[in-house]
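Given as structure tokens, the chain that follows is alone and in the form predicted alone.
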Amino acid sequence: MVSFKINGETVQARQGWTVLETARQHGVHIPTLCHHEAVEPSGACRLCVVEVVQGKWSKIVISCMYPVAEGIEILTDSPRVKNVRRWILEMLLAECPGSKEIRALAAEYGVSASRFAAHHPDEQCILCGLCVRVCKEVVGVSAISTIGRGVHKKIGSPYQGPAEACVACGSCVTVCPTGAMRARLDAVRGEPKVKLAHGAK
């Protein structure tokens, strides 16, 4: 077992656990968007940042991928952490201003507007890739993928048409943190195939 501190309290974790895993085991809240226990972490949204203090130095890390270590101290709501989260939320507000979830989360940190330009006022997708990962790692069909690069990146089917591999299980909709995948599901799976009754023409 590894012993360290979270917000001044000593906690224990198994070797190999991440800071986020340990915090959740001990009931310490760290906000996340792209994290889900069913898939491997990717660190895409960066919202789970915490401050690691060791001796005279400290740094900001993403808790979903940072491994625990003996003797460190984790601060989950320090002024430095809150400042970074506010910056992240401002960027998310500009990227997906149509998301009620993002607006509500931003409000918790006193962020009501973004200094960054919003180009798509109805956009809800934060491009966290959670739907892509659950389709690949859990469902095992890879019917959804990330398309394009940079400002043109979006979520859709691999060839931007109905994906024959899609089994319409709804896992992508379930894990989506903003509800954006609900509107994209029909485009990914295409028109539901109606099976004719036996003997029908």
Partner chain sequence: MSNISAVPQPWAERLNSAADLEALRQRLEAGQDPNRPEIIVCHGTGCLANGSPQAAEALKKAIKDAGLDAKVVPGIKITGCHGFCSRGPLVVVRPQGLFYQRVQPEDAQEIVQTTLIEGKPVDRLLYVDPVSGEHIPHEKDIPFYKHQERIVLRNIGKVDPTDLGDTLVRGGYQALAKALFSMTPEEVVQQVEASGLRGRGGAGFPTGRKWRSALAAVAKKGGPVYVVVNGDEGDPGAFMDRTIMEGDPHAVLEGLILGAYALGAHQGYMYVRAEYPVAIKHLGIAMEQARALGLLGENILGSGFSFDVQVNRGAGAFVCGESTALFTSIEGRAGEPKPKYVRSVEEGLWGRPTVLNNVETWANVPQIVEKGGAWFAGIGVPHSTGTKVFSLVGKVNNVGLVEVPMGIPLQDIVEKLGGGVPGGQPFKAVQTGGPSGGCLPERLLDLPLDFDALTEAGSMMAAWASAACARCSTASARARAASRTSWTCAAWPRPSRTAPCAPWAAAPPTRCSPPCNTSRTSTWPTSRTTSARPGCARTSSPTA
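Please read these numbers as outputs of a predicted model, since none were measured by experiment. Numbering follows the first chain given and starts at 1.
What comes next is about the form predicted together with the partner chain, which does not appear here.
(request) Name the single residue among L33, I62, I155, C135 that comes within 4.5 Å of the partner chain in the predicted complex, judging by heavy atoms. (result) In short, I62.
(request) Quick one: from T146, Q160, S58, S142, grab the residue that has a heavy atom within 4.5 Å of the partner chain in the predicted complex. (result) Exactly one residue meets the criterion: T146.
(request) Please state whether all three residues S42, R46 and Y66 have a non-hydrogen atom within 4.5 angstroms of the partner chain in the predicted complex. (result) Yes, all three are in contact.
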